[in-house]
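Only one chain is shown below, in structure tokens, and it's the form predicted alone.
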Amino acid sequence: MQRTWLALALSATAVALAGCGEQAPAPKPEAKAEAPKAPPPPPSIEIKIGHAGPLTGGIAHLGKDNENGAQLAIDEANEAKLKIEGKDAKFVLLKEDDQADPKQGTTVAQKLVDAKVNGVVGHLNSGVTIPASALYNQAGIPMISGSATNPKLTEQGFKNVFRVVGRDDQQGPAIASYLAAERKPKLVAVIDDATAYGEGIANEVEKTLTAAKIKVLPREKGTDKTTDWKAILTKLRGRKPDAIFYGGMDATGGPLIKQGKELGIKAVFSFGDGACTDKMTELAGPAAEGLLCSQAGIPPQAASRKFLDAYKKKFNVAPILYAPFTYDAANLLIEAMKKANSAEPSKYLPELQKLSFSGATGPISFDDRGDRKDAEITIFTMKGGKIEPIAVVKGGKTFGYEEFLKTMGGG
């Protein structure tokens, strides 16, 4: 009995102790170390610049050359890590093919307007640039052409339209005066391709020759697609002109001179900037040797060394014709945005209008119409299959090419 009581007492005591005993708290899970938060990316702004030119068809090589010039400027601006409105500026080139066709040009222009581009470089051809410019003007978007030379472009009263090359009423008289002074023709035939560019420059050439008392035959016309000139040339052969001037592009000018020589025409052939390229040798062969032509600006090889080296490094070719000018055109848009600290067209346009800029093609500023002040015109000849500059016309005065280079600090 005593044992039973003792056992019960011990059991009760054990239960009580167990009930009152404190259990060790379970270890808390260790807090995971939080990774440091990345700083928020700096605010950025995308700035869209449009480029339009022919990327298909007979003068696609010239359109691509123009596009390359603009692309180089865009790439350099991005490498420079510019800031606009205090934000990292990312420039994007929107590229469109206008096929050198006025209807396609306005379609492309509307596409760029709808994309809300901040500015436009282009177009190449005057006949495309003029109608397209009306759409950019309506949208208030600044545009700069590096190659459209018809005077009408900047005589529409648009305050947003500019060009960085000379005009046909500068270029036409320059090539006509050089032809008259150096070759002294008594009878000249004039042909054009019925485009705004071709007809415009041909009119200026004819006007200058007539004023110099040189007889000009009735105008002959083709189109910007004509490659068979035999009927017109056979007709002219009977008139025995001393010189023939063609207003048009190299894709049609090459066949013209080739067929003219095949028909035995002895006249000196001369052209405006559209046919003032090395491609004339490819299209005409030896017949192109000795031709005369003009470009509304300095020759590509006279552009800044910095530009020429950068272009060659990026594209592995030399610029053909107007790439230095489209490079300058894109840089002018960018420089005006920097000065205004805004990519908004209405805010940077006033800066663009009054800008004084040192470009790959020399000093650039605009007159009240949007034309480049003191634009040069260069005269070339084809020698050994290559277009070579022989003279530069500036401010109404003609310089030998080497003489002109010295005035620029080169040569």
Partner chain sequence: MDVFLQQVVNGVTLGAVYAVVALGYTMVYGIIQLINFAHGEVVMIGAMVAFSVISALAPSGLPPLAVVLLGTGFAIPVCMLVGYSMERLAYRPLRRAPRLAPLITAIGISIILQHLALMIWSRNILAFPQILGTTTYFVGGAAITNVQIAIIAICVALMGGLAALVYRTRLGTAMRATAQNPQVAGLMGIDINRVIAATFVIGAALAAVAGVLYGTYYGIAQYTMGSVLGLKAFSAAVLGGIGNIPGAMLGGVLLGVVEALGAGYIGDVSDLCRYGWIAALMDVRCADGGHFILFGSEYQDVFAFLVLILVLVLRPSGLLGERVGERA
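Note that the rigid core is defined as the largest set of C-alphas that superpose within 1.5 Å between two forms. Residue numbers count along the first chain shown, from 1. Since the model is a prediction, treat every value here as computed from it, not as a measurement.
Same protein, other form: the form predicted in complex with its partner chain, not shown, and the subject of what follows.
Think of it this way: in the predicted bound form, its partner chain has a heavy atom of just one of Ala284, Leu291, Ala174, Met337 within 4.5 Å, and the residue is Ala284.
Proximity to its partner chain in the predicted bound form, defined as a heavy atom within 4.5 Å, singles out one entry of Thr234, Gln301, Thr107, Asn78, which is Thr234. Using a 4.5 Å heavy atom cutoff, Glu220, Asp228 and Gly238 all lie near its partner chain in the predicted bound form.
With the partner left out here, its partner chain still marks one of 166 to 174, 220 to 228, 119 to 127, 337 to 345 in the predicted bound form; by a 4.5 Å heavy atom cut-off that stretch is 220 to 228. Although the partner is absent here, Leu263 lies within 4.5 Å of its partner chain in the predicted bound form, judged by heavy atoms. In the predicted bound form, at least one heavy atom of Ala251 sits within 4.5 Å of its partner chain. Using a 4.5 angstroms threshold between heavy atoms, Asn160 stays clear of its partner chain in the predicted bound form.
Remark: Pro185 does not count among the residues lining its partner chain in the predicted bound form, judged by a heavy atom distance of 4.5 Å or less. Core-superposed comparison between this form and the one not shown: the C-alpha position of Glu96 differs by less than 2 Å. Taking the rigid core as fixed, one finds a CA shift for Gly285 of 2 Å or more between this form and the one not shown. Relative to the superposed rigid core, the position of the CA of Asn341 differs between this form and the one not shown by less than 2 Å. Between Arg305 and Thr281, the Cα spacing is larger in the predicted bound form than in the shown form, differing by no less than 3 Å.
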